[in-house]
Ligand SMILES: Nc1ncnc2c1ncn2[C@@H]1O[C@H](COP(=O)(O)OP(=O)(O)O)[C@@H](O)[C@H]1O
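This document opens with one chain alone, in structure tokens, the form predicted alone.
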């Protein structure tokens, strides 16, 4: 298998007389045998980036390497067509041919490459075994469920043993329960095959669950790259903190930093936050980001100088936890905790300094 490298990738489109930068100087690496996820809202450039990797779009500038092989380089004048890139790709729509059986759909990439029939049969059934559909080889495509269609598309992408697997929102058309099941199967299969994979999604849960590395994109640019845990627990920008899950952003002023711990003065009290990796000076406007699950809710008490006092405005039981909205003056704080508080109750909230992240206050 090969790692994937993108260096200075650019792609623009003409739209209503204006040039739109769909991919703007993107430099990334997908480690060999790992899943790199491109995560972001619609129009951020993630699918265009994937299509450039596949050879379905010709970039304006930059370079793409699969291992030591250059598949695109403007400087070198290289553009390897899609059929020569040794990739497998699954589209959002699956692109399953309705007039073919499961076997025929999966066999198609091998037939166009003129593989001999005995080898086709062997490799198709091996691919169908991988995705758990060998028993449905003769079933017509129209008689498949959404989850089964997704597995057929995946088997077809893997049947000729590609170096790289590209997945463009492959689970978005499935209902929630099937999506969760197929997500687990896909992750297990990728680990089994150890195939380098680039996965495109706007779904934060998918990105957290599936990825080894996540690149968060906006407006054609990569904002942050890291492991799912690092990006979730230690985002460096307001956009990533808000997009990758739910968070409370408490505005304040940086009072002091020492040993990687920042003291932030807010309208509701003083809060401690992690300050590693953030360059700010005392007196600057900052944000303290704290996830709802890292807020501790307890009985109101004026004796605890660290706790902030608030009033419960709503309490919604969601199974594993209760979601609370707590008024801190004019700030609605979101918290997850055990059941026990009702609207109107006065409570105290506390924060673990190791779970509060300091961010620069740079608008959106």
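Numbering follows the first chain given and starts at 1. Remember, predicted model here, so these are calculated numbers, not experimental data.
What comes next is about the form predicted in complex with the named molecule, which is not displayed.
Note on contacts: among 298, 43, 33, 55, the single residue with a heavy atom within 4.5 Å of the named molecule in the predicted bound form is 43. The named molecule in the predicted bound form comes within 4.5 Å of no heavy atom belonging to residue 348. When the named molecule is considered in the predicted bound form, residue 356 lies well away from it, no heavy atom lying within 4.5 Å. Here the chain stands alone, but in the predicted bound form its contact with the named molecule, taken as any heavy atom within 4.5 Å, falls in 35 to 43 among 65 to 73, 318 to 326, 35 to 43, 333 to 341. In the predicted bound form, the named molecule lies within 4.5 angstroms of at least one heavy atom of each of the following residues of 12 to 27: 13, 15, 20, 22, in sequence order.
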